[in-house]
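Shown next as structure tokens: one chain only, the form predicted on its own.
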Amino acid sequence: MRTFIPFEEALETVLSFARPTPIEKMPLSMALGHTLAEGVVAREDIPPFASSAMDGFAVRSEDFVGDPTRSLRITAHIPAGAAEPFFVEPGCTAVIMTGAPFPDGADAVIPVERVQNREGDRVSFNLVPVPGRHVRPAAEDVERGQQVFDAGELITPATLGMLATLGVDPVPVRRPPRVRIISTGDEIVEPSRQPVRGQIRNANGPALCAQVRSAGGQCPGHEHAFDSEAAIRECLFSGAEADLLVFSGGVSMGDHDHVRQVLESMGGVLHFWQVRQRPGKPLAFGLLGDQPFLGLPGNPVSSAMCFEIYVRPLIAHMLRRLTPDAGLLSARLDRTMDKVPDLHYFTRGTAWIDGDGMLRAGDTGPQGSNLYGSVVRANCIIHLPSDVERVLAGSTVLIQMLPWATLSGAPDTGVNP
């Protein structure tokens, strides 16, 4: 087992054990938020036929050469959904609705608003048509045989709409990873209970479950184990089958930290324990059989940050998403930050665009690993590398946007740069 390893090595190790989840077929109506397991190739042109982009008249532009005010004879009415073919003869026109199939013989649409005079079956216009104007050609959006989506793409509302247009129903998706969240500790009680002296409400369980779901995983609910080897072992044996096991608490060096010992006694192989990072130094990772497990620290900030740095990208790799890792952005640091050397810092921060269009970032205030408000106020994680002790105001740093947050205006922190 490796111990006290660099953050980059720890992340690489975790992601190297990401096994893809199985492929399943899902009704289109339920596919939002899932991940495409296969590429999607168009089986037909989209749109499949030329159509009118306006309510108006399908005309032949050549009929207006030398006689722009010529009246035409109306020979057809073409509504949207018309199945029978139409042909526009010279000197004739067809009334056509938006979305209706465009008739052969015609090459333009004159909007109904440009009618000059209409009497009986004759109509004239105050506009000379241009070939192709207000006509939507077939295959304008997608051509038959075109690769529209790649495997690994997240199904957004727009993706779902295109899948419906292409007739992809059901949809091949990766089954969301099943993740068990187990919080440990004699001192924690459910959020609905009133703690007595010495107790705290269980924030990690609900928060980690929510993070799992936001990352594309399945988590029906969090579990709790008291601080004893017997309780942790019983919890492990009694739980449902899962693709990933995540503990919160019980992985440090205290007398009541039993998670590592229990996992090893059950045949678990620990690949590393302790990482040169803050928060989250006592992070553990290994395999129980072929099931990956992560032991996150029990402090709520450490738990939340380690999830974003390790568990979220692990779930994305299990889903084989095309963009599995949060992209790092360069930002200008708003004020000087001191840190312990040889530790990679995950500082909860706020990023914003200043008046000059520059991306800037500053911390959210006190960064204690028990201060969950620092996570609530954050929209990003500021990465401070291990090889520095002080990062000066104005320096360029890398930030990782939190997936539920957006860029904001300059924060009112009460702290001068």
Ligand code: AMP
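All residue numbers refer to positions in the sequence shown, first residue = 1. Note that the structure is a prediction, hence the values are computed from the model and not measured.
Although not depicted, the form predicted in complex with this ligand is the subject of the following passage.
The three residues 204, 248 and 257 all sit with a heavy atom within 4.5 Å of this ligand in the predicted bound form.
Note on contacts: among 75, 159, 165, 252, the single residue with a heavy atom within 4.5 Å of this ligand in the predicted bound form is 252. Taking a 4.5 Å heavy atom cutoff to this ligand in the predicted bound form, the contact residue among 103, 297, 176, 286 is 297. Only one of 232-240, 332-340, 76-84, 298-306 places residue heavy atoms within 4.5 angstroms of this ligand in the predicted bound form, namely 298-306. Contact check for residue 187: a non-hydrogen atom falls within 4.5 Å of this ligand in the predicted bound form. Residue 130 falls outside the set of residues with a heavy atom inside 4.5 Å of this ligand in the predicted bound form. When contacts are judged by a 4.5 Å heavy atom cut-off, residue 322 does not count as touching this ligand in the predicted bound form. Although the partner is absent from this view, residue 347 stays clear of this ligand in the predicted bound form, with no non-hydrogen atom inside 4.5 angstroms.
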